[in-house]
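Only one chain is shown below, in structure tokens, and it's the form predicted on its own.
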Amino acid sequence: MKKIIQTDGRHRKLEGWPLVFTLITTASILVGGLVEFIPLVLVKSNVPVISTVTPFSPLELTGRDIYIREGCNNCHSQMVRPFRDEIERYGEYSKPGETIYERPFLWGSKRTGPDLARVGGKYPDLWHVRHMQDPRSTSPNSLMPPYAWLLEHELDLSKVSTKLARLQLLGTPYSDADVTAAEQSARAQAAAIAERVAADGGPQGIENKEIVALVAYLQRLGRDLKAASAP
């Protein structure tokens, strides 16, 4: 003989109101999500601080935007996983504290090309310029397409102070002086890179081209952690 279980009429009535039931369910999910997410944001100890990690310079920040714009992160990850083969090839595995000032971070495992988390300082500035002009000139087996227009497009630094100001509001430790002098600082760093490239026999007069910003960004990757590891 089957036992008949009587259900609560109120629950059955609630199921008959699909809109109300959907709103209550959505509210419950949102509250639960906030309870899990807010402590991760407010409790700073969740991400270990690395003292040598500093925000990107104005020119490096501009180069990072170009890097994302051109889709470089679609083929190059910036995350060395804690596996022996990756550490031997790319260097020290990635730490959460390295990317605390990155919005958005570019971690991932997509590697049509090599990981770039530790590429900073591995090659001279001219190597990166040649690689963007013609990837096969520096890496014969490369599948990467050329990005020669980066040596032709003018470098736009008109909004770099605004970028720093917005990041400052989000907690990135830029000072007011950094924000005010952002464009001047970027121009000075761009001129230094262009001078090194020209001195090594590379193209002349690229200090106002987008390529210098991208080179500045690539040369920064991994440098902070190397500084922390240095004796």
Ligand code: HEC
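Counting begins at 1, following the sequence as shown. A quick note: this is a predicted structure, and the numbers were derived from the prediction, not measured.
Below, we turn to the form predicted together with heme C, even though it does not appear here.
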Would Arg130 count as touching heme C in the predicted complex under a 4.5 Å heavy atom rule? no
Can you tell me whether Tyr147 touches heme C? I mean in the predicted complex, with a 4.5 angstroms heavy atom cut-off. yes
Should Val80 be counted as a contact of heme C in the predicted complex, where contact means heavy atoms within 4.5 Å? no
Does heme C come within 4.5 Å of any heavy atom of Phe56 in the predicted complex? no
Among 152 to 160, 80 to 88, 137 to 145, 98 to 106, which stretch has residues with heavy atoms no more than 4.5 Å from heme C in the predicted complex? 137 to 145
Heme C in the predicted complex - contacting residues of 60 to 84, heavy atom within 4.5 Å: Tyr67, Glu70, Gly71, Cys72, Cys75, His76
